[in-house]
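Only one chain is included here, represented as structure tokens and corresponding to the form predicted alone.
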Amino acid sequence: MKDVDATRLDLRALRDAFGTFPTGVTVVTSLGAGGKPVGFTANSFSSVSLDPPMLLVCPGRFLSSFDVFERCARFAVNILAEGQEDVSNIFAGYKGDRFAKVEWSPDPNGLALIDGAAATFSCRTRQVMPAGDHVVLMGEVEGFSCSKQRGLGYAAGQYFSLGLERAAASAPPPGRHAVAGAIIEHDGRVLLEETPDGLRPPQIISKGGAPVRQALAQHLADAGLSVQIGKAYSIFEDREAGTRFTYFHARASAANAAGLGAYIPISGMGAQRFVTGAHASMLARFELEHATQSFNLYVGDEADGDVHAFEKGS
């Protein structure tokens, strides 16, 4: 069988095609010269065998630490947990001392295990096989830990958190109300409803039954909008009222407002008057993130919370 001529393939498109397969995110570590820890972010990880217990990772030849991993006697794999996007980004692109910027602990052989990881594996190298612009690094597991946390996901160049996505789309618990809305953009503008108290994205109130994402999609369709609802953009609780708010990022195929409001330019969003400070903060963040097309997820309450990065990976 003849080898495929890679120059005949669109490698950027091929990379995108590979990226449609959802994976976890790992940080692989080993020891370099003088016992100095080295590490890199990888989603090319797979379990291989239970008996003997084996796994594999695929270091790329472009890594500054490639020579270390190609020759290492031992290495560790850290499966990152939801919320550890910052750890992934540090080991994917930070040029300084990566280990000074994260919490970690050494295993019995001195390999770095990332604190808070969903799972860790300490391995003895069994085989290293050339594989194009990578190598396949096969290891036998000598020790492991599992925290029962959900792993951080990655697909189509973006992080995702399965637990947060499920929470955003689910129906509210019995006795609780949920507000579901959409930041709908089209041609550099966002659709906003006008109320006596100010502007806000189109939204519905759900008291149970259908999952909120499904109920929101039906509401927008019934209004006559052709909208593609994407990822959750902001999830927060009004603890006093007992209401969960979930807003999704969405794109309209046309500028039809369907009587739900008017399209407002994204630039200069801060000059608008919104219903609540939470709406103002959310849309100010959206204006900033729209400029880079790197949209993140806020989770918290109406006053304070955390932003979970869904940015494009390196």
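In this text, residue numbers run from 1 along the sequence as written. As the structure is a prediction and not an experimental result, all values here were calculated from the model.
One more form of this protein exists, namely the form predicted together with a small molecule; it is left out here, but the text below deals with it.
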Task: Joint contact, His186, Arg273 and Ala280 to the small molecule in the predicted bound form, by non-hydrogen atom at 4.5 Å - done: no
Task: Partner contact for Arg200 in the predicted bound form: the small molecule, 4.5 angstroms, heavy atom - done: no
Open item on the list: So in the predicted bound form, is the small molecule close enough to Phe40 to count as touching (4.5 Å, heavy atoms)?
Closed with: yes
- [ ] Spell out, yes or no, whether the shortest heavy atom distance between Phe121 and the small molecule in the predicted bound form is within 4.5 Å.
- [x] no
- [ ] Would you check, heavy atoms only and a 4.5 Å threshold, whether Arg213 touches the small molecule in the predicted bound form?
- [x] no
- [ ] Go through His177, Arg74, Lys231, His134 and name the one with a heavy atom inside 4.5 Å of the small molecule in the predicted bound form.
- [x] His134
- [ ] Identify which of Val141, Ala223, Ala92, Met138 has a heavy atom within 4.5 Å of the small molecule in the predicted bound form; exactly one of them does.
- [x] Ala92
Task: Stretch from 261-269, 284-292, 40-48, 246-254 whose residues place a heavy atom within 4.5 Å of the small molecule in the predicted bound form - done: 40-48
